[in-house]
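Before any questions on how it binds or moves, here is one chain, the form predicted alone, in structure tokens.
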Amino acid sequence: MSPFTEARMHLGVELCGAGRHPGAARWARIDPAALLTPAHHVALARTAARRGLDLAFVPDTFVDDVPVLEAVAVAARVAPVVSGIGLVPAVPVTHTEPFHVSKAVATLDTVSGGRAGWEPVLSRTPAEAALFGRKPAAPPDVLWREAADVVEVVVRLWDSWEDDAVIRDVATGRYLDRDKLHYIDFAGEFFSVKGPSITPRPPQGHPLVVVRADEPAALPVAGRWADVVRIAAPDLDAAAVTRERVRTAVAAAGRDPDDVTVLLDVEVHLAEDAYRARADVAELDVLAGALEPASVRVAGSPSDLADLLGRAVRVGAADGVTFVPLVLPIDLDAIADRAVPLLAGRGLFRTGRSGGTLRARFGLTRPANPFAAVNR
């Protein structure tokens, strides 16, 4: 697959409070209380949606220095009032029952009309483990094996209802055809789940699975389960190497690498020129301490950002990007109003808005239900 072709280039954005930089709220003079309101999240999603971005990622964690809202609930609040964009909350899976994860994401897919995804995230620290008191912190290889089991259980539970299980037969007083609900009988290394779900199969069948694959232990999970993979890298050459590792893992799992979209995180702060943007970042660092880049960073003009994506085309760094604004909503406004039109004008991004389900937007078909196939 050629990265960044018009049909395949995808753009996402991470909507995290006042932005990735911890000094963003103070620098932009935002009332911290406003960050916890529905209006804040709805406004950000609307800005991303009006320029046709494919995905809005909503981060989540159990440990933070500031109050954090539950990401699936935020996405479910946004979904009915913001159309035309996929909503992908982070879902901590290390200390969360997969049955509850399946139900929550299926509900999000229903209320969004088939625009839901989810990003399983790990809880790595003793502090997070102490919040639950059920098990100690574990090394990455164990956590990723557990995450793989979580994803499998979630997908099986989505399939535990056949698509036509709800019959609403007034004459017989039956709401469900019980023969079309199925036990999943999962027994794995970390837990056992009998099923079935108590929520009907989601509109997409399987809402989009997004896996972050920045470490070796994540690659088998991404290879087996991911529809979209997020990566971080210090530069475009490193991103190209990571993308190839992801594609190799997908092929090793018996899947077509062209069916999996790799998105590179790009931290962004935009101004009229690079001098002003870098001066802004220096001011942010003074307010809250220097924030070292976690991935490729563009502190410059909208044209500088478009130039970076043009270079990414040439080196095969990814199939799209996830913008990570350092300051919200300022940087998101600049991305939507100035950078995205430049990308479209250079042929790096489609013009107009893309509708339909999130799976369809990524060129993925709705998966058949394996239980239904057995019963035919």
Partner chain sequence: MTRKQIHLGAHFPGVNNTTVWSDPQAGSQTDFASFVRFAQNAERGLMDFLFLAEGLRLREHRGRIHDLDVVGRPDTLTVLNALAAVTTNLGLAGTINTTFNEPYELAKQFASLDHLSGGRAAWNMVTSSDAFTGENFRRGGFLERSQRYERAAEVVAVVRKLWDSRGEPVEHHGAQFDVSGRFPLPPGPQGHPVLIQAGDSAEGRDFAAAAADAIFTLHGTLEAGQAFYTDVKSRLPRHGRGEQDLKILPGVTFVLGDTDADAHEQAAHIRRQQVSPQTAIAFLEQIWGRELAEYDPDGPLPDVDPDVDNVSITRGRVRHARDPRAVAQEWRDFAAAHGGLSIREVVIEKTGRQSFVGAPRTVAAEMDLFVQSDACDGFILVPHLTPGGLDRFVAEVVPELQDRGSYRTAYSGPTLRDHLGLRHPHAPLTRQESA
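Numbering follows the first chain given and starts at 1. None of these values were measured; they are calculated from a predicted model.
The form predicted in complex with its partner chain is left out here; the points below concern that form.
*Asks:* Could you check which residue among A213, V74, L122, A239 gets a heavy atom within 4.5 Å of its partner chain in the model of the complex?
*Replies:* Looking at the other structure, the residue within range turns out to be V74.
*Asks:* Name the residue from V142, V155, V111, A274 that puts a heavy atom within 4.5 Å of its partner chain in the model of the complex.
*Replies:* It is V111.
*Asks:* Only one of 308-316, 36-44, 50-58, 324-332 gets a heavy atom within 4.5 Å of its partner chain in the model of the complex; which is it?
*Replies:* One stretch meets the cut-off, namely 36-44.
*Asks:* Is there a non-hydrogen atom of P67 within 4.5 angstroms of a non-hydrogen atom of its partner chain in the model of the complex?
*Replies:* Yes, P67 lies within 4.5 Å of its partner chain in the model of the complex.
*Asks:* Even though the partner isn't displayed, in the model of the complex is G300 close enough to its partner chain, meaning a heavy atom within 4.5 Å?
*Replies:* Output for G300 is no: heavy atoms all beyond 4.5 Å of its partner chain.
*Asks:* With a cut-off of 4.5 Å between heavy atoms, is P98 one of the residues that contacts its partner chain in the model of the complex?
*Replies:* Contact check for P98: yes, within 4.5 Å of its partner chain in the model of the complex.
*Asks:* Test of understanding: in the model of the complex, would P80 fall inside 4.5 Å of its partner chain by heavy atoms?
*Replies:* Yes, P80 is a contact residue.
*Asks:* Its partner chain is absent from this chain, but in the model of the complex, do D163, A288 and A294 each have a non-hydrogen atom within 4.5 Å of it?
*Replies:* No, the candidate spot makes no contact with its partner chain.
*Asks:* Using a 4.5 Å cut-off on heavy atoms, which residues of 129-150 contact its partner chain in the model of the complex?
*Replies:* Read in sequence order, the residues that approach its partner chain (within 4.5 Å, in the model of the complex) are A130, L131, F132, G133, R134, K135, E146, V150.
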